[in-house]
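Shown here is one chain on its own, the form predicted alone, set out as structure tokens.
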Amino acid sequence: MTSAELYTAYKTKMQKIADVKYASAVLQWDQETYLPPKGNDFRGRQIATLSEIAHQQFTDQKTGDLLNALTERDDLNLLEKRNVERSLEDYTRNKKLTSDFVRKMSETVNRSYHAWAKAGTENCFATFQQPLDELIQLKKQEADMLGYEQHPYNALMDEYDKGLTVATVDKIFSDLKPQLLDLLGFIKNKPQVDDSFLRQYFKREDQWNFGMEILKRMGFDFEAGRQDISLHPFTTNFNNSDVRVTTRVDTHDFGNMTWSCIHEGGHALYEQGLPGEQYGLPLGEYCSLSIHESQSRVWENCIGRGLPFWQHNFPLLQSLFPKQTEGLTINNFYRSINKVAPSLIRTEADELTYHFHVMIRYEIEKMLIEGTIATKDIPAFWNEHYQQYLGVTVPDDKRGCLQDIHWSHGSFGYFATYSLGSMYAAQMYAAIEKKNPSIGEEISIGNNTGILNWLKENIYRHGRYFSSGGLCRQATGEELQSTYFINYATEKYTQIYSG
């Protein structure tokens, strides 16, 4: 066979596997949005079957033979060669997991998710403890099957950001923590910002309409996606022309829905911007979850909590909520949405204390996987460290260790990417401002073309061509530097708390 024929066979096979995976993803999206409760068990079976089929198709010997044959060809173009390289990396990793293990993991995740949802309703961690423990044992087994150096948690983090290690994250957090504490110490000695505006009564339907309009103004294409309600906001995609976001609405917390819409909208714009011609192939997929998170953070924080964004969108807020905004100036609104104060809920935390939420989860996950704490120890460890790191007392499990959905999905190795995403976002936004010093003025009149064009050119179109670090160098000219985030945060919050 010619190289062109081999590559066409590879592309056809990968796209068929993608069809199966995305069919499963549709079922998972439905599971968290519209599935009737009695459908849980059969849905778990359906998802497990599709996961097993996709794994079997990808890891069969014919796939390996095809990939190995393509690696020996010297006439592939750069994009074709990188697709094959990335697919071979994925094949090698997945080959280490048996189809039986993949099915068992999927079935356990399904039970775990529904136990987590029930535990939240009952406000009782004990309901979730046993299913979670079964899942953790499987994640330990997965780490052993995949293999690792130095720490078993490295094998799990590698799934979300290739090459990320405990040593790297420990150093990042040890450098970040004292600088955050210094900034928080400065803020603590200043008069606190009044954010009571955010906790008035906001009608559910009006909030929904506001969030939908904000997504449109960001550039989200509703011809290629939709928004729905779920217990925990998330983004999923089945191709770049079908991207789903979800949010949740609290009638007495305006910020809850607004910034989940902006956050998930950032994820969705990335998915909609990936090259459709690479469907099913690595270059049609996101770079890593650290980079994915950077896209949500650019929009949620650098833009969505910035004054220019609200210079354009504040009139919309006033028109939909005239009573709640009566007497509210845009400057006071800007300060209120950037209030810094320790809190219980990670997704509602400010830009600074947010990282301590991540650090606590990261430490728990590391210890669970290495076996130094047991599942039953989670609530006590969580509550102790929320008091130690944030100075807040956790009143119950629902607002404590049950608040995140990630563990119920088996997503161990994920949380550090949230903090890394914030650092990548600050560095990327600095690069955008350097290239276009008038970007703030453009955003203030509702023109997001400059932002979107930069992201399309420097992030979206590359798919998985680069590693996280390689993409950062390509986009910003430098390795990841936490100083960009610290400088951004220091300048922003010194101004807010000195005003």
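The first residue of the shown sequence is 1; numbering continues from there. Bear in mind the structure is a predicted one, so any value in this text is a computation, not a measurement.
Below, we turn to the form predicted together with a further copy of the same chain, even though it does not appear here.
Heavy atoms within 4.5 Å of a further copy of the same chain in the predicted complex belong, among the stretches 429-437, 452-460, 64-72, 38-46, to residues of 38-46. Contact annotation for residue 239: at least one heavy atom lies within 4.5 Å of a further copy of the same chain in the predicted complex.
Though the partner is left out of this view, residue 57 does reach within 4.5 Å of a further copy of the same chain in the predicted complex, counting heavy atoms only. Although the partner is absent here, residue 147 is not a contact residue: none of its heavy atoms lies within 4.5 angstroms of a further copy of the same chain in the predicted complex. Proximity of residue 442 to a further copy of the same chain in the predicted complex: non-hydrogen atoms within 4.5 Å are absent; the residue sits far from the partner. Only one of 190, 226, 248, 335 comes within 4.5 Å of a further copy of the same chain in the predicted complex through a heavy atom, and that residue is 226. Contacts between 128-145 and a further copy of the same chain, taken as any heavy atom within 4.5 Å in the predicted complex, involve no residue at all.
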